[in-house]
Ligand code: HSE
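Given as structure tokens, the chain that follows is alone and in the form predicted on its own.
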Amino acid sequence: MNSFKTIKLAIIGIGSVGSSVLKIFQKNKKIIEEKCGCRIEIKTVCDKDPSKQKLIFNGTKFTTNYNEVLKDPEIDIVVELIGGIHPAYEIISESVKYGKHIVTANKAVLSEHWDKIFLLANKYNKTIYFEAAVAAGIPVIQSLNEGLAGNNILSITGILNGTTNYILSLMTQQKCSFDTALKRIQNLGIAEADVSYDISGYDTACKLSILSSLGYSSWVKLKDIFIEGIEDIELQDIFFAESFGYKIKLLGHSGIYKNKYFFEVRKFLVPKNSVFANINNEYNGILIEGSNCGKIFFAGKGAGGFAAASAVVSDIICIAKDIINAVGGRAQYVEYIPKKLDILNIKENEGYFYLRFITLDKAGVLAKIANILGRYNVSIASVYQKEPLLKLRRGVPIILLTHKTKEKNLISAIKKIKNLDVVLKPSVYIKIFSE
């Protein structure tokens, strides 16, 4: 260890992740310093809640004013863990201007301001590490950015949100409703009181944006991602999916189709033998396909204070090693050069689909539906008809699986089917995932 060199850092935000980082340093400081090859000092801890001062140790300074951190010339690394876009963006950008390297777990600010943040980092020759921003303790960022650097990335697919995956796991395993599953994980403290970002697909989209921006060497904006959540998931679709040999999962998926890039976050039916089928509860799973390495799968805890803190500490070690070896500030972690991707409207993409219609129980209904689907070049692969699950005579479900078709054709057909007098409720369609 270089006993003469001390790297000083500040942590802004002492929530679940920040407090876990402090505990890891308390427990493993000697190991961390051995891996860095230098001394590490947490000089300042900052949080807007003064009561968090009780969590700090060994004479570490506490402040509620993050500007004290930004303007302190002794601090080498700022660890931003407050979440959200503002003031996180200001903290990151101003820290870089004041000559500090950054570690962040903030997927929202990175996905929304990727270009500004990395252009600024390049301008000021500072590094920004963000392993904990996607999939907590799973080292997918470093793997994608470094270990797979010799590949053209062909596709990225993942279960990237622990809350939605836990809800779908409970619905599948215990056959409970969406509302019941959500309340259960909130009571367990697994989900936040406000889960709107999770269940709407926004959180997954932020993470897909980051992975895709790295994988395809261009900022993938949230507006370029088709985003669908799980708010409207119904238990009967869980049952019917199982009858066909599938489970329903929320996936972030990006890839290349006819030399154009596409990005989507949505519910998928995944086959029961898929790598994603048995990723349950708060666990995440990510499948990356490279031109040379083929398909590589990552799995592990995608949520939790210590899982994310593990990645934060890893980033601190990487930057500290760079600094003491006189590399930090010259070898950028993300060399960002703006370029434009040719992006495909997801509705132009082809896929296989699950369809559910609730109709009158009378002869000729299926023929009417099939006729409209056929007019829009949607070919039926399988048909399943059954009495309503709850035995209520409010209509009979007709379940169809399609052959490969363009989604825009399917949407046009469903709009026509909706107007049939034999169809009682809005139709449901879910894309089928194939690895």
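All of these numbers come straight from a predicted model, not from anything done at the bench. Position 1 is the first residue in the sequence shown; the rest follow in order.
Only in words, not in the display: the form predicted together with the named molecule, which the text now covers.
Q: May I ask you to choose, among I230, A191, L355, V78, the residue with a heavy atom within 4.5 Å of the named molecule in the predicted complex?
A: The option sitting close enough to the partner is A191.
Q: Could you work out which of S310, T163, S111, S254 is the residue within 4.5 angstroms of the named molecule in the predicted complex, going by heavy atoms?
A: It is T163.
Q: Choose from 203 to 211, 254 to 262, 170 to 178, 272 to 280 the stretch whose residues reach within 4.5 Å of the named molecule in the predicted complex, heavy atoms counted.
A: Stretch 203 to 211 is the one.
Q: Hey, in the predicted complex, is K126 touching the named molecule, heavy atoms inside 4.5 Å?
A: It does not: once the named molecule is placed as it appears in the predicted complex, K126 has no heavy atom within 4.5 Å of it.
Q: Does at least one non-hydrogen atom of G158 fall within 4.5 angstroms of the named molecule in the predicted complex?
A: Answer no; every heavy atom of G158 is more than 4.5 Å from the named molecule in the predicted complex.
Q: With heavy atoms only and a cut-off of 4.5 Å, decide whether A303 touches the named molecule in the predicted complex.
A: Residue-level check for A303: yes, a contact with the named molecule.
Q: According to a 4.5 angstroms non-hydrogen atom cut-off, is K107 in contact with the named molecule in the predicted complex?
A: Although the named molecule is absent here, K107 would touch it in the predicted complex, with heavy atoms inside 4.5 Å.
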